[in-house]
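The chain below stands alone and is given as structure tokens, in the form predicted alone.
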Amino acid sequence: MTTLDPIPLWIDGRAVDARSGRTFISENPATGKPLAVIQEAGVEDVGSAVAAAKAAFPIWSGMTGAERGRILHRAAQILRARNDAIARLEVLDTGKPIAEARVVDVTSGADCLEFFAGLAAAIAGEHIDLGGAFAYTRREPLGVCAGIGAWNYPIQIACWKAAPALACGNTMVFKPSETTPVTAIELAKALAEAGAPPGVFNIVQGAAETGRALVAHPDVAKVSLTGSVPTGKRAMAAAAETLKHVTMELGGKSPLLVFDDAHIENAVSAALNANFYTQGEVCSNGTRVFVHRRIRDAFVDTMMPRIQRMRIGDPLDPETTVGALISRVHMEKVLGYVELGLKEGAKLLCGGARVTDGACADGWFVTPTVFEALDDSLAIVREEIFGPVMTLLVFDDEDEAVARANATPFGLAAGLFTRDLARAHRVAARLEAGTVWINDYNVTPIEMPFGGVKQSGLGRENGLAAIEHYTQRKSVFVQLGDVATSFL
């Protein structure tokens, strides 16, 4: 039995039925039961959404940055006013605790809209004095942008894609993850109510077929994707056919280095947040926790009681700290990694089991899990699990820690704890990651660029850097003399 009305597509400023006639079900991870019926966009629907965005582009890009900024500001205010209602939908769709969704998911999305609303009027080129002539550059929008979201932070990621794109004068067609498609339409409604012209922001729900049609469409100028490495590679290859601009924020297997002079309580807090917040379903999570041998025992002794106090249960209960994994399939994948870790010889310090009692009986709940491994070649050390599984690794010196931290094809994020200021900056410079946190972890203020290196992606979201990825420069030369330059 569904708990929400069927959710349509959003094209050209209104809710519309999918021409494909197909639907799919979104499940509540905490109960395993259907949550909502979602209309699925086929190729024709994607074409309609892109056409609407293309038609709206000259209208939206023709507005001043200040005008666009005011609309984005109003949309942010609408989201904030509806925070609790949207957060509840996010919990039903993702399984994350309501205590997280209320303070992070919607509010961080609104923060993003406000940040880029403030920048919209300040997007400008430069003047170049050439004596008897001058040149100037214009920052111009790209056109229709495709945004493809992930399932762990649906409304936040929708805002991370839409806000910079729209602030720069682009229009967008956004495809939320088929696993968590419920809340994206709330952003579309907020933008429409705020005054965005029809076609500026469109929603097409669906799975791989929908995404492929969107990425391949010849009228799409840019693709911004958050997802797995394999998905990113396929999308980038498809985008190459028409040389689209791309931004890819992909997977990770991030290291967290805890040196022997670290504040242990704070380091433990960071490790817990970096592994068990949102059930570990965070791409930047520091799942490889390298701890100096001298403080290994103190670190573990401090961490274990705190894990035991974590409350696993109904995500709508404000006291819950660990919610449900996104699906049965994903839960089985995570538990499969637990079995593999045991087979490969890692020591299980806690957790590693499905929870099947009380409020967790019918959902996809896994206890917070900590392994200790002596070998960095184990699968649980090398591969992204995307669940509540931490691997503890012991090191003896700085060079060793950095070398082992960098020994991965991923490079999304990294963290380190030390009270030695020189070491902090020295190690941060050596770590191969798009973001490095010093004495903290997984803090992503909208003002700070975020993205990966190596196979964790390319391009940056958020901060001033995002403007680079949603605009293109045009150079204009102006001759001030009576005669144009001649070489003949």
Ligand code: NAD
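Numbers for residues come from their place in the sequence shown, where the first is 1. Bear in mind that the values here come from a model prediction, so they are computed numbers and not experimental data.
The same protein also exists as the form predicted together with the named molecule; that form is not shown, yet it is the one meant from here on.
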item	value
4.5 Å heavy atom contact, residue 384 to the named molecule in the predicted bound form	yes
Contact label in the predicted bound form: residue 90 to the named molecule, heavy atom within 4.5 Å	no
Partner proximity in the predicted bound form: residue 228 to the named molecule, non-hydrogen atom cutoff 4.5 Å	yes
Any non-hydrogen atom of residue 332 within 4.5 angstroms of the named molecule in the predicted bound form	no
Answer range among 146-154, 392-400, 73-81, 306-314 for contact with the named molecule, defined in the predicted bound form as heavy atoms within 4.5 Å	146-154
66, 172 and 220 each touching the named molecule in the predicted bound form (heavy atom, 4.5 Å)	no
Residue (of 121, 407, 207, 135) lying close to the named molecule in the predicted bound form, criterion heavy atoms within 4.5 Å	207
Contacting member of 234, 139, 294, 347, with respect to the named molecule in the predicted bound form [4.5 Å, heavy atom]	234
Sequence-ordered list of residues in 230-262 near the named molecule in the predicted bound form, where near means a heavy atom within 4.5 Å	231, 234, 235, 249, 250, 251, 252
